[in-house]
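There is one chain below, alone, in structure tokens, taken in the form predicted alone.
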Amino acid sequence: MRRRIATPSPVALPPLWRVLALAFGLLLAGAFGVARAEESPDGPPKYLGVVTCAGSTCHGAGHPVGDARINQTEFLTWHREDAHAKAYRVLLEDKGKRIAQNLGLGDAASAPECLACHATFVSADVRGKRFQLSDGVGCESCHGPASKWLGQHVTGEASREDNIKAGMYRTEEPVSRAALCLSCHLGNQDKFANHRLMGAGHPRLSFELDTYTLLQPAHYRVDADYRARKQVAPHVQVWAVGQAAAALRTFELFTSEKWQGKSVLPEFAFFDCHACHHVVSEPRWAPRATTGLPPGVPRVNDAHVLMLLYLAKAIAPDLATQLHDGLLALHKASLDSREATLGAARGLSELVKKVQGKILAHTFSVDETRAMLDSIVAGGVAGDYRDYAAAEQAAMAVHALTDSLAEAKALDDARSKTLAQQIKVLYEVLQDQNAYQPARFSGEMQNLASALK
């Protein structure tokens, strides 16, 4: 189940302490001539390192501070509980060393191919004096290089838009957040977890924006002040935006000559892992309406497009029909030639862009959210999630959509508890990808369908 982190209640502090804290913050703002001294006004922004955010009057307090607009414990939450803070340390462990050795990279902790996603890996000329690679995926990996916005940010006088103009990243906006997260959780033109990397021992990657946002402990609280300054999108919107972004990024990489290579073999990272990697003594192949493929054929991983297909049935039925046909065309082309497959992928990518346009211009109603949930569950009952990757996305979609219904007060407490228990069972079925049983997942989807009636 996804974690929900309760925000601690603010601790009341004497007014004098708040005055002193503000005064000290202003002194710090002056001290952050450090930020300005490390760059020329016209030069590129610099990454200053997590230590510049960790002061006790900034984001490194030991407990929430008085009636401040933020908790001020953000650094400690990241440092103690967030997996991003531990990303570099993974490279020092035996598994990280073994993967690097298998790849012929030498020391994992100094290999650019590893550091690209396991640290805030930027060139030496934009690293500040206190920047350290060993901090892992630090504050500036997500919030942007701080040298041009840190001083005004510390004063508290700059608006959100002022900070954005100075280079702070708009993480609260789902499209921007999806693009940022996908750069490592899937890849981009500069870095990609290809089959070579996974063959060396790297875990399989998967991504769903709403779930992954909530998996890490929140180092912010969504209150009235937060809503006044930043966009707050409902779970269904975050889920939908993330599915479209992941599908488009997949097709972008899939059609890239850089990542396809020129080998007689395709880049298998684009295919469903479990079409090949499963227990061969247990026959489990069955036809799927949206592939049309015979047994024994590796399948392009279409899990994100499959979720968009169910989404489109609720808000754009004509596009749903086109997506269905496009999926069939993609899988059929994979039996023909690489050129035909890439052409079909480009065509499907254009359809996904149309669905994305619908999503960005759409406000999902409770009825539409429920229709999408019912459609995804019906797909599970019909056996559309025989592939582990598709089942994984379906479970996370069910969770995101039920969260959205609960958020909209469209589920009573009893129904919410029943659905939460059934979703927990779905995750249990998916707990071990090597022991995944499609028939059991389909059966649990049937139970979920009954619980939704």
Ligand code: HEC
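Don't overthink the numbering: it's just position in the shown sequence, from 1. Remember, predicted model here, so these are calculated numbers, not experimental data.
Separately, the form predicted in complex with ligand HEC exists; it is not shown, and the next lines address it.
Just checking whether Cys276 would be counted as a contact of ligand HEC in the predicted complex - the rule being heavy atoms within 4.5 angstroms.
Close contact exists here: in the predicted complex, Cys276 approaches ligand HEC to within 4.5 Å, heavy atoms only.
Examine Pro203 and determine whether its closest non-hydrogen atom to ligand HEC in the predicted complex is within 4.5 angstroms.
Answer yes; at least one heavy atom of Pro203 falls within 4.5 Å of ligand HEC in the predicted complex.
In the predicted complex, does Gly199 come within 4.5 Å of ligand HEC, counting heavy atoms only?
Looking in the predicted complex, residue contacts with ligand HEC include Gly199, since a heavy atom lies within 4.5 Å.
Does His59 reach ligand HEC in the predicted complex if we count a contact as any heavy atom within 4.5 Å?
Yes, His59 is a contact residue.
With ligand HEC left out here, work out from 342-350, 124-132, 203-211, 309-317 which stretch has heavy atoms within 4.5 Å of it in the predicted complex.
This holds for exactly one stretch, 203-211.
All three of Ala244, Ala329 and Arg415 touching ligand HEC in the predicted complex at 4.5 Å, heavy atom to heavy atom?
No.
Counting non-hydrogen atoms within 4.5 angstroms of ligand HEC in the predicted complex, say which of Arg80, Lys258, Arg160, Arg338 makes the cut.
Looking at the other structure, the residue within range turns out to be Arg160.
Could you spot which one of Thr171, Ser375, Gln322, Gln356 gets a heavy atom to within 4.5 Å of ligand HEC in the predicted complex?
So the residue touching ligand HEC in the predicted complex, by this definition, is Thr171.
Going by heavy atoms, what in 85-104 lies within 4.5 angstroms of ligand HEC in the predicted complex?
In sequence order, Lys86, Ala87, Val90, Leu91, Lys95, Gly96, Ile99, Ala100, Leu103 come within 4.5 Å of the partner.
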